Ligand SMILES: Cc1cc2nc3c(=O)[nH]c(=O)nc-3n(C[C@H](O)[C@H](O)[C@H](O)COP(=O)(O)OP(=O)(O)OC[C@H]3O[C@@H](n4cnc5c(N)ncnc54)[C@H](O)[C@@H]3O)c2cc1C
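The data below hold one chain only, encoded as structure tokens and taken in the form predicted alone.
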Amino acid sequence: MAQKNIVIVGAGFAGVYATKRLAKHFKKDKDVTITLIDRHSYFTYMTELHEVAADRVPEDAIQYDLQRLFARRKNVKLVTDTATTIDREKKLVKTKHGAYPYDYVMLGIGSQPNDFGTPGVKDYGFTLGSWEHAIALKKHIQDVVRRGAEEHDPAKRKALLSIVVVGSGFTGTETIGELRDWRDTLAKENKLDPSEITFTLMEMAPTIMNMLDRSDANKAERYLLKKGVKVMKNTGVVGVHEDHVDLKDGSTYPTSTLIWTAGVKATDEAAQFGLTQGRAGRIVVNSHMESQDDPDVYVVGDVSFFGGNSDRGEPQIVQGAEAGAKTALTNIESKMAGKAGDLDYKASYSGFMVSLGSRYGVANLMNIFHLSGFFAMLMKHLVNMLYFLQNYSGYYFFQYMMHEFFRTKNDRNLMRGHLSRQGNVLWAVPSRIFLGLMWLVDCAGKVSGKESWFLDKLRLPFDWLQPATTSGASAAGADATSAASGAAKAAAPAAKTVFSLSYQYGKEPMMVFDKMPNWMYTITKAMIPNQDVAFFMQKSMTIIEILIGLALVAGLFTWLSGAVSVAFTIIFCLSGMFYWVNIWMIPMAIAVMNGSGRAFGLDKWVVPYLQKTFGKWWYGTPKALYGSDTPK
């Protein structure tokens, strides 16, 4: 088979989706190469731009390096460059620094904000169409709030502290909600009364959030109003200035921060590819996602225009982008297999979710389930996490969990900061060392002497391991001994065990389980069927306990050591070998898993070294440039 080349232009939602699945489909075909070209070396999680703009997550939290996404896909070639045109005669995708041959090309270069030519937006307004836009907006807001706090003139102060968002679509509502969430932190940092920082949402239509079910939109609107956001409907902005905007009714509104989210269009670069364009500059495609001009050129995502379901085209959202990419890649696979690539695009929108800050949102799932508040936000997070799992990226799944739940500042997460680890782990060090010493002290008697667990003498109290009763004289002696023992027990009954979480003088502590549950009995008997295995397990368990103790004292692999401590304690409990008074070991072990090994422990050096070493081995080295344009 001759070499086949699939070139994907644009590492957005559609491009990443298609590249992942094509790479998996052709992973055993060495004659197929998938080239992914993008002007950046990373994929931007565009739906979370508002979180960066409002300083909820670090600036790089929504940047996902392409090398980390595709490191294990040997048939994927990454190129950091800007595609300029497609030479359909020579079948080349041309870039600023090179040219790449193709059999099929998939164009997914995205969209950009559309200001409809409104005067002043480009000069004085802000948009939220890229990572760079989000950074610029965040820095601007920090600057104007700082200046507003020091401004004596009431009119200038009001304009500096007034933030206006134009447009109530997904981007607009999520942005205004997230910025309102940031207000108290901004006020505290600048010694302001929070009420001085005002937020206004302007919408030209008579209702807001018209992409949602009306009941869901009304819930969201009530929440914004409750939070003090001013909602102005039937309001058109016709001009933007440095410290105010002109409204359609002839009035003005003071603000030094106008964020324009009232529309999107195809990127300006779409015109360079010589393909037929339709509404808002989007490239026209048929039901197979093929461009009207060339069946070997597929167009997907926000830049494509399919008018089969609506004269406005498909919604420019992630679900639409991935549905278009799925149609295109399936047809490419069919054509490369010598079949007809005639799969039609099928719209599939399983629901819509809008966040209004870190703690509240509304969601419509399959037009059946309508959620709001905590559960809507939980669903939004679950969908985002599912995205990483579907794209086989465990690394970024973990990173998402960290920056959304465990490393957030100022309580700005779904759990109101209760999961965030911003405290000093120093105070867990004494607990870590004490728990480690407990394991070592407990093992001291198991290492040497008559009670050593390294002797071939049974220490595990399981009935099926005990030797069978002898017969004859020995049996008679045993009977006599048993009778004497029974008489002694009758004369002096065993002390009654008492439930307690601490030792009580003169009391007998109670076992967590006085005998193993039936299911645990079955499992343990299968794992330790005879004395030979029991001797091996005794020695192995002792060695592991000593290693746990040493690791905890030294602060080495503390998370793992804490987790194993919990597991062992639970096993001891279920085996009928553990007292309630020692149950403290479980919460103690969980507590030291918070990273306590990084304070006065070896984890401070060992864990970063391992992360760096294994990360490089698995993912390679992330670069600012990929492909043939990379300097050697």
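Model, not experiment: these values are computed from the prediction. The first residue of the shown sequence is 1; numbering continues from there.
This next part talks about the form predicted together with the ligand, which is not shown.
Although the partner is absent here, R598 is not a contact residue: none of its heavy atoms lies within 4.5 angstroms of the ligand in the predicted bound form. Using a 4.5 angstroms threshold between heavy atoms, M353 counts as touching the ligand in the predicted bound form. By the criterion of a heavy atom within 4.5 Å, A14 is counted among the residues contacting the ligand in the predicted bound form. Contact check for M46: a non-hydrogen atom falls within 4.5 Å of the ligand in the predicted bound form. In summary, among the residues G108, G357, G167, G436, the only one with a non-hydrogen atom within 4.5 Å of the ligand in the predicted bound form is G108.
When the ligand is considered in the predicted bound form, only one residue from A428, M516, I317, A554 comes within 4.5 Å through any heavy atom, namely I317. Annotated contacts: H40, T171 and A321 all touch the ligand in the predicted bound form [non-hydrogen atom within 4.5 angstroms]. In plain terms, the part of the chain that comes close to the ligand in the predicted bound form, with a heavy atom within 4.5 Å, is 46-54 out of 586-594, 600-608, 46-54, 568-576.
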